[in-house]
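Single chain ahead, written as structure tokens, the form predicted alone.
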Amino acid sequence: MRSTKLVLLALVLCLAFSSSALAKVHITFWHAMGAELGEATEYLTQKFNEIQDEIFVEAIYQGRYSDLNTKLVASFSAGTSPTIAQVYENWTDAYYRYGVIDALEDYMDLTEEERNDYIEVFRHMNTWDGKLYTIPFNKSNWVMYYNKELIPEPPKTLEEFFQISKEVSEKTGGETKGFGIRPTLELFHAFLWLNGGDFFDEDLNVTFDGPEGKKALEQMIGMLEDGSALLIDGYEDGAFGDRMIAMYIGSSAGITYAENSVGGKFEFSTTPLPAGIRPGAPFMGTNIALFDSASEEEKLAAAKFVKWLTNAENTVYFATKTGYLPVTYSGLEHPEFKAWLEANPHKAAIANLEAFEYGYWQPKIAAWEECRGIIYEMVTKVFLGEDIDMALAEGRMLVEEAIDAMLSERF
């Protein structure tokens, strides 16, 4: 009889625990954060699951960003979409056009103060129809990495930048070039922006083939021709650590790679991009989107998680563990983040508050993935010797075709 009672008691307890587990709202979070980034993402997800008993978040690594996007697109027709996922702005625009996402802001119950706490440049990157359709998550900006032994004072202007690059190359007999160049879209965008241009105007008319774009390419090629820059095959941090180059422009999220490459061989630091006709601070990274296929209960649960994930304490944790930026002003001003910057002075440019005033980003349109591939090929052709005017004209034609296709509702 006693054993029967014990069995019944165990059964009751199991049913109670099972009911408790079933009562939790289960949501899925697809992401592309591997290695240390994945560890930080998993830590925060597990912490959220532990501090409350209403919601269970399952964070699922989906591989690289390209893999994540492919799986998301496939999930729409298969009916297997996650509740939330990391997305780039151009993906958001495509999903918005497809009608498969909801505005996260509608479910987050944000006060005006909370909404405005998200850094303004990030709010712009995440807004469609006046609403925060997505919420910033892992954001980085591009900064200049420089060898402090060779360059005690970093350049503030493009003119100074070109001059210092030449001086370093001459002073070292070419053993160390002043700057490291890769023919990437991002570097072309930086020179294009600093010269006063951009890819498109507000009406999506192509503008990168104008005088600003031509000058940007001429400056990049010119640095190779005059010996002040080194053409890099691969990422720049390796050449930087080997003293092959004294400066390069790269993501703030890549600072750990620079630290590993340098390995204490010399002192280095970061500084904002030198100003041209105007200053520029390119911002990149992904945001979190909410998918329409989720139930109302799941959407509200996901919104609670995203709001918690991006609060000051957690955005600072993620930033200090990964090299990304806090996504809120309260995060930038958080004592823990300030202490981290003070302990790592070579990272100061990452959180340069002035940069947030003149930040820019890549076009957030559905056709951008195709356009960026075209522009990358255009830049590559110039570096391989094709005439700049010819390359720009061809790039313009192909990008205009992609934009026309998008506006004709191909997406």
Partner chain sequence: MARTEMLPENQMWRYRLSHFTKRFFLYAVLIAGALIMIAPFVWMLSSSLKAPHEISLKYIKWLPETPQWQNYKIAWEAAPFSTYFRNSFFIAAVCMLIEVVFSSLAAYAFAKMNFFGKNVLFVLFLGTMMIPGEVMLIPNYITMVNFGWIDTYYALIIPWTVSVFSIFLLRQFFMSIPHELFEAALLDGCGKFKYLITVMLPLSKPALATVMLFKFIGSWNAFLWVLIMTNTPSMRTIPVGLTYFVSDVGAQYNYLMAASTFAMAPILILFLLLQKQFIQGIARTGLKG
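Predicted model, so just to flag it, every value in this text is computed and none were measured. Positions refer to the first chain, counted from 1.
Quick note: we don't show the form predicted together with its partner chain, though the next part is all about it.
Within 4.5 Å of any heavy atom of its partner chain in the model of the complex lies no heavy atom of Glu54. The closest non-hydrogen atom of Ser77 lies within 4.5 Å of its partner chain in the model of the complex.
For the chain shown alone, Trp368 is not a contact residue for its partner chain in the model of the complex, no non-hydrogen atom being within 4.5 angstroms.
At a distance threshold of 4.5 angstroms between non-hydrogen atoms, Thr70 is in contact with its partner chain in the model of the complex. This chain is displayed without its partner chain, yet in the model of the complex the stretch 232-240 from 156-164, 232-240, 288-296, 330-338 comes within 4.5 Å of it by heavy atoms. With the partner removed from view, the residue among Asn49, Thr380, Gln62, Asn344 that has a non-hydrogen atom within 4.5 Å of its partner chain in the model of the complex turns out to be Gln62.
Residue Lys265 is the only one of Lys131, Arg115, Lys171, Lys265 with a heavy atom lying within 4.5 Å of its partner chain in the model of the complex.
In the model of the complex, its partner chain lies within 4.5 angstroms of at least one heavy atom of each of the following residues of 251-266: Ser251, Ala253, Gly254, Tyr257, Asn260, Ser261, Val262, Gly263, Lys265, in sequence order.
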